[in-house]
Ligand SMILES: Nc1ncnc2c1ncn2[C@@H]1O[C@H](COP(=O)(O)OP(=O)(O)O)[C@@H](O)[C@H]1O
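Coming up is one lone chain in structure tokens, specifically the form predicted alone.
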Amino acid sequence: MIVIALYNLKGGVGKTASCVNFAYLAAKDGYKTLLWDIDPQGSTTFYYNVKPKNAMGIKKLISKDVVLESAILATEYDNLEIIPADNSAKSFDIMVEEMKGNKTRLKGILKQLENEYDFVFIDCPPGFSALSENIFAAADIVLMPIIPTTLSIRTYDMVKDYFKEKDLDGSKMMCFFTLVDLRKNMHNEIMEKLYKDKKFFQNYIPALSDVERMGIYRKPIEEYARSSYAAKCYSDLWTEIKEGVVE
């Protein structure tokens, strides 16, 4: 089982759109796939048009004795299941509090699923916290979408420094460019510079209206714009990621 956490320190970088599409493409490839929406905004849950089947509560969901399967729901797509977000106002604070003092709590919870799934994708909340440390420890890959702008470079550097400060495995960090506009000189220059870090996949996601329409259709891009350039970009990037993580 390969755990891929879609993460960025800041929001608005295409993280959730990428998580939704990568999970869909993995399932389409025949991999048994689970998508866990931990972001309190619940956008991944919104895109897949699902709701929790019972009010389990986030504290129970991450307790030591939880049977995680009880929170898993089917989607309308083969091989793809989801743990939807808990949108209650205090859920995120509760989850952070529960993770304090135990950096491997989430890893232990996910271990019970290791024979059930090929891929687990986690849509992560932004920011640094006890929860993010747990996610970084549990993930095999911390996959970061990066917009090629000055502020995004700063964010990227801050995450790298955080990994060093917390003695986390920096080799887990893998990145790709998103919301790219090659008509902008700055985007071209920043991409050329950061590609030298060897942490970035070559394929990238341009700024395209078909990606923005996900919120209207509430589906992965291939389901409503199969022949679009956006669908091709996600497919090509997923193929590159898959080849990099599946032995």
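Everything numeric here is computed off the predicted structure, so don't read it as measured data. Quick note: we count residues from 1 along the sequence shown, nothing fancier.
Form predicted in complex with the named molecule: not shown, discussed below.
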| item | value |
| --- | --- |
| Single option in Asp181, Glu212, Asp29, Glu189 placed near the named molecule in the predicted bound form, where near means a heavy atom within 4.5 Å | Glu212 |
| Interface membership of Tyr48, the named molecule in the predicted bound form, 4.5 Å heavy atom rule | no |
| Contact label in the predicted bound form: Val13 to the named molecule, heavy atom within 4.5 Å | yes |
| The named molecule contact at Leu34 in the predicted bound form, heavy atom, 4.5 Å | no |
| Ala207 within 4.5 Å of the named molecule in the predicted bound form, heavy atoms | yes |
